[in-house]
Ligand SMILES: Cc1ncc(COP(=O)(O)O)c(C=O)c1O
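One chain is shown next in structure tokens, namely the form predicted on its own.
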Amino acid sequence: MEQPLVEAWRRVRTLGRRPMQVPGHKLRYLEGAPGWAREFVGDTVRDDIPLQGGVDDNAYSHGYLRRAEALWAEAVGADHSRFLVGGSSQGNIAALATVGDQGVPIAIDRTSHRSTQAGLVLIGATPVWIYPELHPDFNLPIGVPASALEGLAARVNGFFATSPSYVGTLSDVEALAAVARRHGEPLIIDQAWGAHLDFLPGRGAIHQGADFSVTSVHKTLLGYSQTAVISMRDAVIPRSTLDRWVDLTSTTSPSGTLMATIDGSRAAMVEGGGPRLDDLIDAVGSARRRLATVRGLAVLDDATAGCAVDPTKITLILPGTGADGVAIGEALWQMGHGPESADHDTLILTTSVADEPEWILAFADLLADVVEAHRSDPRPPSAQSIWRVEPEVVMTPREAFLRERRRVPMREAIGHVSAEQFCPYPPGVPLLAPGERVTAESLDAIVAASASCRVAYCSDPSLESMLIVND
């Protein structure tokens, strides 16, 4: 199996180089050489090899990266792919910049990651928010309907949706792509949580007709943290436009180690990923069925969600058990099995091809016992405000970000325009963003979210004050 970046990376480890260029650790830790700072940083950088002047020369004359990106594109059915070391955040920013411009309206899923806001600030586009349907009982997103795009097609210059959602539900990407294609507008799918879908026949966003797909290799495949890929079809926009924005948002000192893990992940999935994914999906299905026997516990799957659900995700809805998801999450962390996310009503667990099927089944038994240990009186589900934000957009995120601002106590901000972002993390979906009107409801939602997770990216973590546009 061809792995151009991995093979080049491995060669460098055997050469014993003493480079007269960056990085500052001079690759000395690759050889196990003694050093005065070994006790401080030795193990943490032992595999660090830069792409430029490391895995490849300064001019990238061997073309290892270019070849590896072409192999990824071929594997996922795309015409062009670019490797990223800024996560799917970088990919989302580059994708939005590729299809948007100052003042250009773009239809964007309001439950998308905060990085979409960063893209809007960078390019000055105007968001036209679209919304997923919500489950009538669980208040969780169950996909952006194609009908949400139909009425907007005449007044936007592209569509952006997230699938899978953070909880694992999937939009009908084929239906979304059909609307976009009919109107000649590009469709971007943030598939950060579904990199593995590209290696299930016909399940990846590009295979289903999306023009752009952004995937996090580190979430459900085997890549280093921060690794991601953006892929595109050549149908609507020239690949040179995407290249320009990827290059603008990239570091000029990319890690050859990180990028090699993207290449290695692709090779592993092409070589043996199909059977591995089949075993994983079977194990997750068995784990879901085991957990569904716990009295009062709802397990998200195609039947309970009423839409397609990522077959590798385990999402539990807890109100029927009376258990507190935050307490269960803390108990799991103490055991060394920290969940992806936990709030009062919901527990989200991410599996991957690195998980053995027998471990998943054993974990399901353990988790069932933990839920039983936290059982209490059943309660109705709480409304998850993060999935139903419908903001009043007063100005573009870029305008609000760049305007003069002032700090006021939180409650005094009601009626004014926010100059900053309030983002519960996880899942990284903003409750309030620059350019949106501050309301009592949005502040209540922010305070409620802070009870179970970190509210990130705001200037006052105590939530006692905030920055508003100085009007």
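In this text, all values refer to a predicted model and were calculated from it rather than measured experimentally. Residue numbers here begin at 1 and follow the sequence given.
From this point on, the text means the form predicted in complex with this ligand, which you will not see here.
Undergrad: Hey, in the model of the complex, does T162 get a heavy atom within 4.5 angstroms of this ligand?
TA: Judged by the heavy-atom cut-off of 4.5 Å, T162 is in contact with this ligand in the model of the complex.
Undergrad: Quick one: does Y60 come within 4.5 Å of this ligand in the model of the complex, counting heavy atoms only?
TA: Judged by the heavy-atom cut-off of 4.5 Å, Y60 is well away from this ligand in the model of the complex.
Undergrad: With the partner left out of view, is D190 within 4.5 angstroms of this ligand in the model of the complex by any non-hydrogen atom?
TA: Contact with this ligand, yes.
Undergrad: Can you work out whether P424 and this ligand are in contact in the model of the complex, taking contact to mean some heavy atom pair no more than 4.5 Å apart?
TA: Answer no; every heavy atom of P424 is more than 4.5 Å from this ligand in the model of the complex.
Undergrad: Of the residues R82, R203, R233, H113, which one places a heavy atom within 4.5 Å of this ligand in the model of the complex?
TA: Among R82, R203, R233, H113, a heavy atom within 4.5 Å of this ligand in the model of the complex occurs only for H113.
Undergrad: Looking at Y166, F363, W245, F199 here, can you tell me which has any non-hydrogen atom within 4.5 angstroms of this ligand in the model of the complex?
TA: Residue within 4.5 Å of the partner: Y166.
Undergrad: So if I measure heavy atom distances to this ligand in the model of the complex, which of the stretches 348-356, 214-222, 369-377, 170-178 falls within 4.5 Å?
TA: Of the stretches listed, the one contacting the partner is 214-222.
Undergrad: Can you name the residues of 82-104 that have a non-hydrogen atom within 4.5 angstroms of this ligand in the model of the complex?
TA: The stretch touches the partner through G86, G87, S88, S89, N92.
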